[in-house]
Ligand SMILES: Cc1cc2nc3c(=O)[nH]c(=O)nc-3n(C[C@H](O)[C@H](O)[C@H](O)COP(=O)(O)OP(=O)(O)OC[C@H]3O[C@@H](n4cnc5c(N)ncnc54)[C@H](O)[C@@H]3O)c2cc1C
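This document opens with one chain alone, in structure tokens, the form predicted on its own.
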Amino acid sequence: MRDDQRQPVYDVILSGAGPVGLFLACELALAKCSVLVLEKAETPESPLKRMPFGLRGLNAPSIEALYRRGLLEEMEVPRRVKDPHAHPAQGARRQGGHFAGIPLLAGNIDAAQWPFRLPGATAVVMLAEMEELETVLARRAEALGVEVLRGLPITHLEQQEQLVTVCCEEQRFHGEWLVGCDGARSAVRKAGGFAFTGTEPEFTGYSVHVELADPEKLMPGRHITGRGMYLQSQPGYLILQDFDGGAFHHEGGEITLEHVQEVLRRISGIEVTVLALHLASTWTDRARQATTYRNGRVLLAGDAAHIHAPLGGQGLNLGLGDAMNLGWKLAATVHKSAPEGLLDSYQRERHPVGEKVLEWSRAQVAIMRPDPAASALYTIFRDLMATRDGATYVAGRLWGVTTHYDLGDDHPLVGHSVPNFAFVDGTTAGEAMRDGRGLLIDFDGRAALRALATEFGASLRYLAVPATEQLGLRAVLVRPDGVVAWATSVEPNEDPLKEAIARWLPRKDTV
């Protein structure tokens, strides 16, 4: 931090201490940035962050990101790992997610269509409790020196040429950069002048914990009816979708016991009786996205940048992906070591990924509508997902296995997540990325590549070691976020490698 006569100036101020804000804070602090996180809530505790409502499915990119930073081992992995295609002994009927409530079954998936996933890869799905994930990330952020202040909602912000001033009622904070990770109703997005466009909702969703007089009347699991959808994960823990155009949520009506009972009876068609209402919240399928993720020195990530229905648990994964992509790029910009255009690549890479997730969400809502046309589409999608190619396509999207960026290189691995190579010394590619630097893997240990890596200084780690399975590759350049920036299956040509390093990694003279 530097002094500006009155208050410290942070390298980066983050709004929002949820998983996205905390993970981004960790990435920035790992890269030696001073970080302040402002959170409007007085406490991180909330029953909606605990099981069962707080349970979220982390997909392959999110799990890989946590693994590459040494955070995965702090989660309750053994109890919550789900990797259907990696454990055939657990049965072809094992469910690995859903599309609009249609189960995705392990036996229908052809994992051979994903040639870059090695046997030692991390799981494609992991169930994580939001409260636990936030606790793990907050603990790491604190260890890295991140300052977190709670009970401070942002009320105003001012941009100057080299500074952003954030106002929290009577308190003011200064940072060179500000990132809004403050959710669907983002104060940073509104105050920062970001356009937020998209489609309006078709339903009001309810998450409720009730006591039922006759719980045996409601079957467990997800049920799509002619009037909406209800899901009972545990007795009395319900999720409802009422296709009212989102009216109840937006009108801010009181969620009473009587209202919940009426909606539940109407959707289920069952005369259940609600004795007590312990917890209730509403949400919708409104799908909107910021037209740009950056306005001057203010950026957006997570739900502040994009919102959609929480069908299939894509929102958290999308936000963690934003944080992993942005952290090292913004840190290099803070340190004035970033190659030209590096920070702009955040928008270029992550905005299309967000667009696809919004499309994914809208498509699910379209076939869940309580009308004959949607019912016909639902039947067709169900049949398609029972085929090998259909299930594999859905699994690739749902689990994030097929997520990649167009980096303008012809090699099929470039733009994809680096495979978790198992090296002959007992280490893995993921473990080699704990420090957040770029990585040059030279399977054959060439003196020329070692010398080249030395030229680029501390921003690049050189690793010369064979792997048990190299996928026919000779050398691979990996960005700090785990994305392959260059790869070759023939004798390496140093010129394209130099260009890739210069394009993506911080300059040596400013590290």
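Position 1 is the first residue in the sequence shown; the rest follow in order. What you are looking at is a predicted structure, and each value in this text was computed from that prediction instead of being measured.
As for the form predicted together with the named molecule, it is not shown, yet the points below apply to it.
J.: Establish, in the predicted bound form, whether Val353, Gly438 and Ser489 all lie within 4.5 Å of the named molecule, using non-hydrogen atoms for the distance.
T.: Result no, not one residue of the spot touches the named molecule.
J.: Although the named molecule is absent from this view, report whether Trp283 comes within 4.5 Å of it in the predicted bound form, heavy atoms only.
T.: Judged by the heavy-atom cut-off of 4.5 Å, Trp283 is in contact with the named molecule in the predicted bound form.
J.: Is there a non-hydrogen atom of Ala123 within 4.5 angstroms of a non-hydrogen atom of the named molecule in the predicted bound form?
T.: Taking the distances in the predicted bound form, the answer for Ala123 is no, it never comes within 4.5 Å of the named molecule.
J.: Should Asp242 be counted as a contact of the named molecule in the predicted bound form, where contact means heavy atoms within 4.5 Å?
T.: So Asp242 does not count as contacting the named molecule.
J.: Is Ser207 part of the interface with the named molecule in the predicted bound form - any heavy atom within 4.5 Å?
T.: Ser207: yes, in contact with the named molecule in the predicted bound form.
J.: Just one of 220-228, 315-323, 410-418, 104-112 has heavy atoms within 4.5 Å of the named molecule in the predicted bound form; which?
T.: Of the options, only 315-323 has residues within 4.5 Å of the partner.
J.: From the list Val365, Leu118, Leu144, Leu152, which entry has a heavy atom within 4.5 Å of the named molecule in the predicted bound form?
T.: Result of the distance check: Leu152.
J.: Though the named molecule is not shown, can you say which of Arg474, Lys40, Arg446, Arg461 has a heavy atom within 4.5 Å of it in the predicted bound form?
T.: Going through each option in turn, the one that passes is Lys40.
J.: Using a 4.5 Å heavy atom cutoff, which residues in 389-416 contact the named molecule in the predicted bound form? It's fine if the answer is none.
T.: Going through 389-416 in order - heavy atoms within 4.5 Å of the named molecule in the predicted bound form - there are no hits.
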